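Here's a solo chain for you in structure tokens, the form predicted alone.
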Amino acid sequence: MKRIKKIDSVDMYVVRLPLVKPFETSFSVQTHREALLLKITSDDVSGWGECVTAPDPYYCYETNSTSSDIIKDFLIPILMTLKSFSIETVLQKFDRIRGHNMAKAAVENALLDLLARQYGMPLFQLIGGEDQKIMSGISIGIKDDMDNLFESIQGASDKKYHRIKIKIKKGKDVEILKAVRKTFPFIRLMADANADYALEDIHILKQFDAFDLMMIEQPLNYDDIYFHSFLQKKIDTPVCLDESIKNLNDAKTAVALGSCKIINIKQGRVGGMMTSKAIAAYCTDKNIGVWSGGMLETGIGRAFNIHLQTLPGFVLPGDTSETSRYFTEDIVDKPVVLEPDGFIKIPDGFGTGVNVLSEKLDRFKIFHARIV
């Protein structure tokens, strides 16, 4: 069991990166990625983590402000009481704090990156993954113009993305999906509702069965598991749960109720890489498909998602797409680029394999504080 001997310093940053284009979902429109970052240093080696929160509470109750407070006032003080500790020990100590999985994941990620760099190994090796190329997937926000949507889908298809996801909401769903499927009959297509429907809308959701979708993601309430079980029994399209799966117990509940056939594992949402690994193993045993979701991460969080997908069970294309789709400039030295066959290479090097560029960090940061 690999251990970290001590923590010398902890720095917190917030950076604000402009998006190439506004990204619209059923609950918000984003023009920037305002990312909370954590840097943990031990013996001149630093590990970086990214919190997947946003400034607002529209995706979930955690925000940049709540997470920064939890990290500063509770998680780091716990960490600083430990001497020569393992990741497992840290996670056990963090269990005392209920919820706040995104804050916990940011700390865990920074520690994992630090540990892998100290031991001279890539992150996927540390967590038990396999060296391989990663399938790509793209998420396309809600568009007001169909020509714009078709152009985005055609561009993704030309790039050989292995799966294309389009965001939908009530009133912008059936006719759009019908038009997309007619124009692109052979793409692997899924729809993401971001919890915009209720069970009473089953007459709408039932129509999706005609469009040969890989899945519909989180159609009902953001924290619902129970009513999704009724929906899945009434429609042929596989239901994928996202926001309502916050930990391993939620995944077990969803499987027991028959609420879904697929689960989107966002490592930041469920509490980090190790919990993600446990959920993936459980779902694989229960014949439930899993994939890695994205949260418009910078290159730091994107690298963690790539390494996560080296674990057993991640057999469906995730939300990992090229950096240039979202950012003109990132803060790391290795942008995500698709190979000609649509696959993504794991960044070479120790830890996540990506390094934060100090010039970019200084230019895009809007906050910095040394916690320890």
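The structure displayed is predicted, hence computed values, not measured ones. In case it trips you up, residue 1 is the first one in the sequence shown, and so on.
The same protein has a further form, the form predicted together with a small molecule, not shown here; the description that follows concerns it.
Please name which of the stretches 175-183, 76-84, 191-199, 278-286 has residues with heavy atoms lying within 4.5 Å of the small molecule in the predicted bound form.
Flagged stretch: 191-199.
The small molecule isn't shown here, but in the predicted bound form which of 136, 267, 259, 264 has a heavy atom within 4.5 Å of it?
Exactly one residue meets the criterion: 264.
Only one of 310, 323, 30, 64 has a non-hydrogen atom within 4.5 angstroms of the small molecule in the predicted bound form; which is it?
It is 30 that has a heavy atom within 4.5 Å of the partner.
Using heavy atoms and a 4.5 Å limit, would one call residue 108 a contact residue for the small molecule in the predicted bound form?
No - in the predicted bound form, heavy atoms of residue 108 and the small molecule never come within 4.5 Å of each other.
Counting only non-hydrogen atoms and a 4.5 angstroms cut-off, does residue 228 reach the small molecule in the predicted bound form?
Residue 228: no, not in contact with the small molecule in the predicted bound form.
In the predicted bound form, is there a heavy atom of the small molecule that lies within 4.5 Å of any heavy atom of residue 238, even though the partner is absent here?
Flag for residue 238 set to no.
Would you classify residue 274 as touching the small molecule in the predicted bound form, given a 4.5 Å non-hydrogen atom cut-off?
Taking the distances in the predicted bound form, the answer for residue 274 is no, it never comes within 4.5 Å of the small molecule.
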